[in-house]
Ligand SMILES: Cc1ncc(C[n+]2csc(CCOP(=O)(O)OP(=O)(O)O)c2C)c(N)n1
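There is one chain below, alone, in structure tokens, taken in the form predicted on its own.
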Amino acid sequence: MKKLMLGNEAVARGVYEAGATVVSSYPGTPSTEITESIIAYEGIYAEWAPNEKVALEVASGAAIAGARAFSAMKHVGLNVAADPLFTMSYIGSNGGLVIAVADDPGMHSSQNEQDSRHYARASKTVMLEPSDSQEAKDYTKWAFEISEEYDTPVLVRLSTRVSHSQSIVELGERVEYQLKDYEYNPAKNVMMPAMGRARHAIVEERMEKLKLLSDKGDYNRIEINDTSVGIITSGIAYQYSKEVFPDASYLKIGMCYPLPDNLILEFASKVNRIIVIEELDPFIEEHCKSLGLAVEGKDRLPLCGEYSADLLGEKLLGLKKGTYSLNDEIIPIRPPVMCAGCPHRGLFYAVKKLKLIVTGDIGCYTLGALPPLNALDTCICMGAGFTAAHGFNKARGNEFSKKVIGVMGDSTFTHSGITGLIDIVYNKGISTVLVLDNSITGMTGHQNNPVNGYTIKGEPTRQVDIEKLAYAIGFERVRKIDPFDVDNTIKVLKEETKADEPSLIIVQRPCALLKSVKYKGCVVVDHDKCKRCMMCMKLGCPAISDIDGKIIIDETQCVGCGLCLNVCKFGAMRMEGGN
């Protein structure tokens, strides 16, 4: 049976067909749909973990126990999971342990263009890299086999285009996998120095065996055509290259670590000129040069951004831009914006009025940095919203802290914000920090999390109580506000930033896109009352426009949240169509 599948869906199918039974992940674009697709399959336990480190630790425990286990994350999530990854490379797997990591060239939804292949090399872990959906499924299944045969975790590297592109996949049957026996073995599973030293030697022996596996050609293959040009490439870059250079010879890399030295040298002996085509860092190119080969690559191709057939045609053949485009129409730029009805908008409007310095975090609310709100000063990584505020205040003194707040979302809070709260209290900080609780993990597409009290399958579970948690940590000032009550939001922010002790403000209003949110009606403007003070325009709501000197509400975008009614001081806006 064949089916059209996203690359992420195909990875999920590979997990299912491989007989895996435990999956723990944290949502992160472009990897999110992998785990969301897995929950449709019977016989697999799947969960959203609070963060990627926890997710990989859960999967690692399951693998040590004898199950085939899996974890998915985006490239920056692998930073969070690096601690268990490096140690699991020493421990091994027992049952198969596979980690999917999705890179994001072009930063469609990320704060950097990190190249995860470096993690494979640094942790001495196998990495496979599919170039389409069929390979995404097949490589995932192979990854489990390699993991068990060589007693190692295996990384499967995806990219935004492989994850989110569709191609035909030949479906197979699920393997009836039998749990492997668990044996008490502290020399293998307890990584203290004496055991670690012995295991390191085993890891190096394993790498030599894996180099031989890489040379076998099952994952890496030579395609001989015109020998005047030979292209070494991998992942989605292989697809782009085939479009631009259909007659060239190819060494397609499917196992990008360890790289196949003998196969590379064999390929080089058969072609006159070698071009390495790879997105982001010159990972393969530098390896080829270390083998003494004269190759072209980053001297003509960019280090930054994602590739395309058009880019390769332009940089390598001097072709005009648009040669390989599907159409010649100029696609208008659509910058990201907080949705109409977004609960974060009311908060950032209030913050802007108070001219506060805001250390931000990763989530929908990061968009508060954009005009007209211009409300965020920093965004480093998940969890840094609180700790950066603490750092600001320690650097510039307590008086300065009256101007600084730290913000993060509810999912980010359980991901890596709790330790920041502890740091503030333990180290005698006086920072004011805010959890923006919109009842969901918003930016990655509405995944449940520990704060909203539902599992990955939507089943009710124990709900983390942020207020009680804050008191338990040592906060004595905890407030709850509705960000659409702008006047009260301003009042509470003034009070808490003046306090000479740490305070937490829980900003509660659900995401406007949740099915449970039922705003009614649409806002209309009474132009006779409108004074054109432009306060409503400062909200940055996509439903509000200034057209030909009049404030206009687009009824196709307005969700009837009513925030603009709370901002207008002249009664020029009213709700129509509601009850």
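The first residue of the shown sequence is 1; numbering continues from there. All values reported here derive from a predicted model rather than from experimental measurement.
Note that the form predicted together with the ligand isn't included here; everything after this is about it.
Find out whether any non-hydrogen atom of R199 is located within 4.5 angstroms of the ligand in the predicted bound form, and reply yes or no. It does not: once the ligand is placed as it appears in the predicted bound form, R199 has no heavy atom within 4.5 Å of it.
Heavy atom of T444 within 4.5 Å of the ligand in the predicted bound form: Heavy-atom contact with the ligand at 4.5 Å: present for T444.
Taking heavy atoms only, is H415 within 4.5 angstroms of the ligand in the predicted bound form? H415: contacts the ligand in the predicted bound form.
Indicate whether Y365 is a 4.5 Å heavy atom neighbour of the ligand in the predicted bound form. It does: once the ligand is placed as it appears in the predicted bound form, Y365 has a heavy atom within 4.5 Å of it.
Counting only heavy atoms and a 4.5 Å cutoff, which of 253-261, 435-443, 390-398, 88-96 contacts the ligand in the predicted bound form? Heavy-atom contact with the partner occurs in 435-443.
Exactly one of G409, P502, G406, P130 has a non-hydrogen atom within 4.5 Å of the ligand in the predicted bound form; which residue is it? When the ligand is considered in the predicted bound form, the option within 4.5 Å is G409.
Select from the listed residues A120, V80, I284, I466 the one whose heavy atoms reach within 4.5 Å of the ligand in the predicted bound form. When the ligand is considered in the predicted bound form, the option within 4.5 Å is V80.
Within 51-90, the residues that have a heavy atom no more than 4.5 Å from the ligand in the predicted bound form: Going through 51-90 in order - heavy atoms within 4.5 Å of the ligand in the predicted bound form - the hits are E52, K74, V76, G77, V80.
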